[in-house]
Each structure stands twice: as structure tokens, then as C-alpha cells.
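Here's a solo chain for you in C-alpha cells, the form predicted alone.
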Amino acid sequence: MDLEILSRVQFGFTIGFHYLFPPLSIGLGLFLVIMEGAYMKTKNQMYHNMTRFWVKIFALIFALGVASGIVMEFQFGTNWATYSRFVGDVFGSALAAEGIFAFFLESGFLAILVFGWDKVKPRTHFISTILVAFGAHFSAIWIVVANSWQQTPAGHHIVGVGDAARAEIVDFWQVLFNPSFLDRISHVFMGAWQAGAFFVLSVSAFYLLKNKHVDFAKGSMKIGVVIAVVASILQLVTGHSSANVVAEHQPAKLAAMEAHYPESAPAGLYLFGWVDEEQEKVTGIEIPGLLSFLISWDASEPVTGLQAFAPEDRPPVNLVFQSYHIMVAVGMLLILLALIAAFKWKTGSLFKTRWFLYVLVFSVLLPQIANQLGWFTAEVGRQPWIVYGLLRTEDGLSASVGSGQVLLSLILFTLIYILLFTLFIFLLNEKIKAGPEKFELKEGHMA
């Protein structure tokens, strides 16, 4: 098989597996702060039990996130040596900041969060919870800084030529606040909050269906509904803002997202469809002029299409089109589920409607699907560039690694990740089945 395809599949697989966990830890971190904060204010034992239960879940997710994340950084040096040399001066600062300022903050205070209940003062423990949650968010900031720089490079100049060329920082603040960073990090945060919210809703709905830990489930679900509504609506807002940045800085990606081929013409928005890339046609249902309107508030405004770019400079159109539209459809479904949950809570039927509780149990999958497809759209839509406009993906490969080596390591990674995921599901199931009763508050504890 082709070395470039194998290397991209391997990196995509490992990062896709890893990205199952950071959104959950970011989202659950917010829940932990809210739950323990509610306990500190009210001294209600239910909030204490909620916090202790979700801390155990958080620790498990954090451990899998760390284990799966280490592999990705090794691939920069093994499979993508030319790319690493090109971006090293830029990525090095962002990844170092993530390790020093975010990961160590999160992992350091995690010990107090998990093991410090009977060993530190209540306020100290709560501060640790806040710092762990902040560390999870802060870690995402630096990773998205690095990735956003790939999408919209800024604050650098190129030194050297040919294989020795590399990007060098000339303005760190321009690198940090590159054109796509703020919109992308807000979109990532909302996706993470959704992941945490629907995970909490799923477990809570499961308990209600089993008629177990009812008060605990109701308390968790109420917080989950609030965050689900806020995050889902803001996800739509941040998604629109991020798409506007794509329209300005990555027009080929935007054209692929809607399979807009004319070089310069008003563009519609497809509800769904299928792209024939050879004939440059889409079969589907389109709302004429809507893409132009969303970008410029003028349905007749021309939008740059794929024909403005040479065929070798276009991303895989149907893949980007499908992933983008499925992501949007899932996002709209999440908004609908959050609003239905809020309505049922207001009318007093949320905890009694069994069919909807079953829906919520399985809704945990939806934010994960949307998050994965969002990254897929962003990364495949950037092709054929690994650093947009500066370095092509095929030119970022390691010269000394063969396709056989990549294939073998991909097979091994797949087997190991299957085992890790099986272990994760088993341990998660055991913790959920055990429920919150293991964490009864002792007399005088944290009072």
C-alpha cells in the first residue's frame, strides 16, 4: 500500500482513538466543579456523593487519555520526520507549554482530587477540583493552538530551502492567536461540554430506568440538562463562526464541505447528498443561496468554488462533504434532544418518560460521533496540505520508514487499542454498576 495513505491512516486511527477521552475529561471536569461547588454551598450529601462517583469515572477516562495520547507524539518523529523538522520550532513551544503549564497542573492536582477526600481541608480539595478542570481546558488550548496554526499559519517566517526548510516563530502572539484559533477552541470546548453532558445524562437515565440511585440520578440529570442545552446551542453559534473563518482562509475546504464547484457563483447549502467527483455534480436536496447568505448575509454573493483550484490542490470532496453534513445533522439532533429534555424537566415528565430515557442512554454516542467527524472534516478538508499553503502532506513523510513498517505498527496499534478499549468499557461498566453508594459521607467529613 501507499506509504502516505498508510501513515495518514495510522495517525488518524491513533488520534481518533485518543480523542474519545479528552472531550469527556474536559466535560466531566466542568461537572465536578459544579457538583462539588454545590456541596460546598449547601452541604447536601447528595452533591458530595455525586462528586465522588464522577471523580472515579473522570480518573479512569484521564488514564486512558494519557495512555493513548503518548503514541501520537512518537509518530511525529517516526512517520513524519520532515514535517516535524518543518514545524518543530512552532509546535515545540505549544506542546512544551501544554506539558509544563497544563498537563502537569491537571495531573498534579488529580492526586488530591482522587485520594485527598480524608486528607485535606474541604476548600483545598475544591481548589484542586477547579485546577484539574482548568488544566483539562488549558491543555486543549495549547493543542488547538498547534493544530490551528497548521490550518491558518501566522507569526512565522521560513528559513532554509528544500528539505532543510522550517518555520520559525517571529511573533509568538500571532502564532497563539492565529486567525482560526479562537473560533476553533470555542467549538472544541462546546463539543467537550456536550460529551460530558450527554455522558452524565446517559448514566443517569440508565439508573432511572433500573430504578436505582434515583435521587442521585435526578440530581445529576438536572445539571446535565442545563449544560447540554447551553453547550448544544453555543456549539451551533461557534460552528457558524468557525465556518466563516474557513470561508476566509481555507476556501477550498469550504467548497468541499458543500461540494460547490463553480469557480465563483452564489452557493446553496445541501441538506444531504452524494458527490460525483468525476462529473463534478451533487445529487441531493439543496437550499439555493443559503451558503452565500450564511457567509455574507447576501444570497446572491459569489462563493469561491472548487474549479478555482487545480485538481491536485483540492481535498477529497465526497469524504469532506459527507463527514461535514453528518456532523451538522448530529449537532442539530443534540440540540433537539437537549431542548426536549429541558421541556420535559419543566413539565415534570423528564424522569418518568421511559422511551426518552432509553434515547438518553444511547445519546452518549452522538457527541463522540460529532467530535470525530468534526476533526475528520477539518483535517481531510485541509488536504493536500499538512501545513496549509506551506507544506504538502506527501512532502512531510519520513524518508527512512517503509510502508511495511507502517502497516505492521498499524496492526499492532489496532490490537493494543482494542484491548485498551475493552478494558476501559469493562472498568467503566463495573463503576457504573457499583453506583454512588460506595462513597457515603462519614459523620463530620468535609463539614
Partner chain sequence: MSFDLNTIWFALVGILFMGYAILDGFDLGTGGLHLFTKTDKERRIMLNAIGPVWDGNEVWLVTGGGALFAAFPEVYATSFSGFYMAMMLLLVGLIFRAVAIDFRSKRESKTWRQFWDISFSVSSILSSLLIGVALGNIAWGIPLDSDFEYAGRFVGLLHPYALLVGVTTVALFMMHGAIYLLMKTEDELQAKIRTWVNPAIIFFIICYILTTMATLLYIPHMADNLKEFPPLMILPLLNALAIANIPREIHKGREFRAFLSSCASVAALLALFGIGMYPDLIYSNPVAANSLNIYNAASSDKTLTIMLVIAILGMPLVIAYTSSIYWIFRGKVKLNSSSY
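Residue numbers count along the first chain shown, from 1. Quantities reported herein were computed from a predicted structural model and do not represent experimental measurements.
The same protein also exists as the form predicted together with its partner chain; that form is not shown, yet it is the one meant from here on.
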Practice prompt. Identify whether its partner chain in the model of the complex is within 4.5 Å of every residue in the set 289, 313 and 391, based on non-hydrogen atoms.
Written response: no
Worksheet, complete the sentence: Answer key, its partner chain contact in the model of the complex at 4.5 Å (heavy atoms) among 380, 30, 40, 64: the residue is 64
Worksheet, complete the sentence: Partner-free chain; cross-checking its partner chain in the model of the complex, the single residue of 304, 322, 84, 150 with a heavy atom within 4.5 Å is 84
Fill in: Partner-proximal stretch of 394 to 402, 381 to 389, 22 to 30, 42 to 50 relative to its partner chain in the model of the complex, 4.5 angstroms, heavy atom
394 to 402
Discussion item. Test of understanding: in the model of the complex, would residue 418 fall inside 4.5 Å of its partner chain by heavy atoms?
Written reply: no
Worksheet item: Does residue 334 reach its partner chain in the model of the complex if we count a contact as any heavy atom within 4.5 Å?
Response: no
Discussion item. Taking its partner chain as it sits in the model of the complex, is residue 118 near enough to touch it, meaning that at least one heavy atom pair lies within 4.5 angstroms?
Written reply: yes
Worksheet item: With the partner left out of view, is residue 74 within 4.5 angstroms of its partner chain in the model of the complex by any non-hydrogen atom?
Response: yes
Fill in: in the model of the complex: members of 237 to 275 within 4.5 Å of its partner chain, any heavy atom
none
